[in-house]
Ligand SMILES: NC(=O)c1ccc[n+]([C@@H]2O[C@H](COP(=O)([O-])OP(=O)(O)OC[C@H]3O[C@@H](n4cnc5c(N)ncnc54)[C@H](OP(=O)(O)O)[C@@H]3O)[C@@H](O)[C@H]2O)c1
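Next comes just one chain, in structure tokens: the form predicted alone.
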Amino acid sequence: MAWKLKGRNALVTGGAKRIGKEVATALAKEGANVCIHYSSSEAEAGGLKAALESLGVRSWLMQADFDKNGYEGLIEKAAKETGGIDILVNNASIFPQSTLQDMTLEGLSANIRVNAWAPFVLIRDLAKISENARVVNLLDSRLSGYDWSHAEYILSKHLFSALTRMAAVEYAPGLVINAVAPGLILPPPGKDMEYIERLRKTVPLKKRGSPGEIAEAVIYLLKSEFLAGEVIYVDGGRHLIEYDRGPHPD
């Protein structure tokens, strides 16, 4: 029997745009109520809230800046607003460019705070108030190696990957924790679709994925009754061949 999503309350971090928006929409289509966390995308979050409510579920907005420790107390606030959090999707992240040559301690710390520490604190806080909840973390398919153009970012995601595995054991069986590692899905902020098209040749399946495929993987993991600490790579096989070859251009 699959774990039922209908009537559950979900918190999706970075839920107003891009992959987060797709995940929030997929949850609503499954009948889950959705708390949309956002940092600065207030207008997009408001529009998504209306769209989700049109599907017959409840939706709430939750603003917090993770780079300013806004994650502290967020689970408690969301639980108070919604009546309890059953599902946490850790999607929010930052993606600045950096190499080993220009990486700084301050930059690395900023990436760790948003991409690893904040979602871990949310998991730990959820474990304190729930004995039956599901968590899906959004990682990165480049965890099979390195992203030499975003060194601070990828190091923070390696840390988050380790925390995912550790938390999956530490907080079981009350929390069931898994992860999705997206590959070539959307261009990063500041890049256009031509950027994605150039990289299609690096994917064994010779195509890019869609945000909907990430959302489908999230839903699958949430419904599963016997997966824990699992990472699903949704990347067309790219993690199998790409990232152990040293520095490479964007």
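Fair warning: this is a prediction, and the values are worked out from it, not measured in the lab. Start at 1 and count along the sequence shown; that's the residue number.
Not on display, but discussed next: the form predicted in complex with this ligand.
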Do heavy atoms from each of Leu155, Tyr233 and His239 fall within 4.5 Å of this ligand in the predicted bound form?
no
TL;DR on 51-59, 221-229, 199-207, 177-185: the one with heavy atoms within 4.5 Å of this ligand in the predicted bound form is 177-185
Just to be sure I understand the contacts: of Ser93, Ser130, Thr164, Ser98, which is the one whose heavy atoms reach within 4.5 angstroms of this ligand in the predicted bound form?
Ser93
Quick check on this chain: which one of Val136, Val114, Ala78, Leu122 has a heavy atom within 4.5 Å of this ligand in the predicted bound form?
Val114
Does Ala28 reach this ligand in the predicted bound form, with heavy atoms at most 4.5 Å apart?
no
Partner proximity in the predicted bound form: Ala64 to this ligand, non-hydrogen atom cutoff 4.5 Å:
yes
Just to confirm, Asn33 within 4.5 Å of this ligand in the predicted bound form by heavy atoms?
no
Is Arg142 one of the residues lying within 4.5 Å of this ligand in the predicted bound form, judged by heavy atom distances?
yes
Since the partner is left out here, which residues of 31-48 would have a heavy atom within 4.5 Å of this ligand in the predicted bound form?
His37, Tyr38, Ser39, Ser40, Ser41
